[in-house]
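Only one chain is given next, in structure tokens, and it is the form predicted on its own.
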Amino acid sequence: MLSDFDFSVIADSLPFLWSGLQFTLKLTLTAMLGGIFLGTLLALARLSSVAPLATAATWYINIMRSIPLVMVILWFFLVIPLLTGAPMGAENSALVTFTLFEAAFYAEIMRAGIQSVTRGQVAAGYAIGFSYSQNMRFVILPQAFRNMLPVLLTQTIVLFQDTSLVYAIGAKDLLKASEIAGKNYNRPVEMVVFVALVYFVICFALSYTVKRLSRRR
């Protein structure tokens, strides 16, 4: 059966597949950085003593975590242009959607990280004269990030895998690029096998990194 495979088409398609992989990596990196930033703000809001702020953050996190990602992708791509009167485009829509969606998951990770910092560390920060914001910036958040780093990276692996869902709106990620190349060369199976191997190698490397980091803690 393998003798029927023509993997030479993969070499011919590498520049095209690389452009798709570039967008996949860009989407992953943007959603990770933006999601962690917004997620940290959401975590702080959820832990805030200001009731309206904590309630709003809780509702946002719970709603986003309760809706399938593909529905959120389609909603932003189809509904937002109807409300604004301006199309976002598949790639821009994907970048915004993933950042806002992943922020809810990173928020819960960061909330757990913040709460994992011992009360003694918090009290020590206040004892040396830090304000709440200074204590959060210099004492609590650095420790929270360090404590949650393996979990943050694990969520990023899930994020990388989920980027293939932008296929639903036609954004040219790695999966979409492989589909187009497969049709052009009439070799869809070879392309799917190659893309699956790329996803496996990247996810395996990230998983190995997470495991090494977990052992060092």
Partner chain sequence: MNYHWNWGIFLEPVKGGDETYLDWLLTGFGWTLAVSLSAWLMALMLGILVGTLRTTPSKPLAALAAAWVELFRNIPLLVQMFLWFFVVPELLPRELSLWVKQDMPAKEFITATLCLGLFTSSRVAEQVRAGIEALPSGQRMAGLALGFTLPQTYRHVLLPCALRMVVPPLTSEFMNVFKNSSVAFAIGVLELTFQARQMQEDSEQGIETFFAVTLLYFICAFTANRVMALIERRTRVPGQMAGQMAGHQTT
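Residue numbers count along the first chain shown, from 1. Since we're looking at a predicted model, the values are computed, not measured. Definition used throughout: the rigid core is the maximal C-alpha set that superposes within 1.5 Å between two forms.
The form predicted in complex with the partner chain is left out here; the points below concern that form.
Novice: Can you say which of 144-152, 47-55, 29-37, 66-74 gets within 4.5 Å of the partner chain in the predicted bound form, counting heavy atoms only?
Specialist: It is 66-74 that comes within 4.5 Å of the partner.
Novice: Quick check on Leu78: any heavy atom within 4.5 Å of the partner chain in the predicted bound form?
Specialist: So Leu78 counts as contacting the partner chain.
Novice: In the predicted bound form, does Leu165 come within 4.5 Å of the partner chain, counting heavy atoms only?
Specialist: Yes, Leu165 is a contact residue.
Novice: Are any of the heavy atoms in Gln161 no more than 4.5 Å from a heavy atom of the partner chain in the predicted bound form?
Specialist: Within the cut-off, so yes.
Novice: Looking at the partner-bound form in the predicted bound form, is Leu14 within 4.5 Å of the partner chain by any heavy atom?
Specialist: No, no contact at 4.5 Å.
Novice: Taking Val189, Ala196 and Phe200 as a possible spot, do all three reach the partner chain in the predicted bound form with a heavy atom inside 4.5 Å?
Specialist: Yes, the whole candidate spot contacts the partner chain.
Novice: Counting any non-hydrogen atom inside 4.5 Å, which residue from Ala171, Leu42, Leu175, Ala181 sits next to the partner chain in the predicted bound form?
Specialist: Only one listed residue qualifies here, and that residue is Leu175.
Novice: Is the shift of Thr84 between this form and the one not shown large enough to count as movement, that is, does its C-alpha move by 2 Å or more after the core is superposed?
Specialist: Thr84 C-alpha, core-superposed: shift of 2 Å or more.
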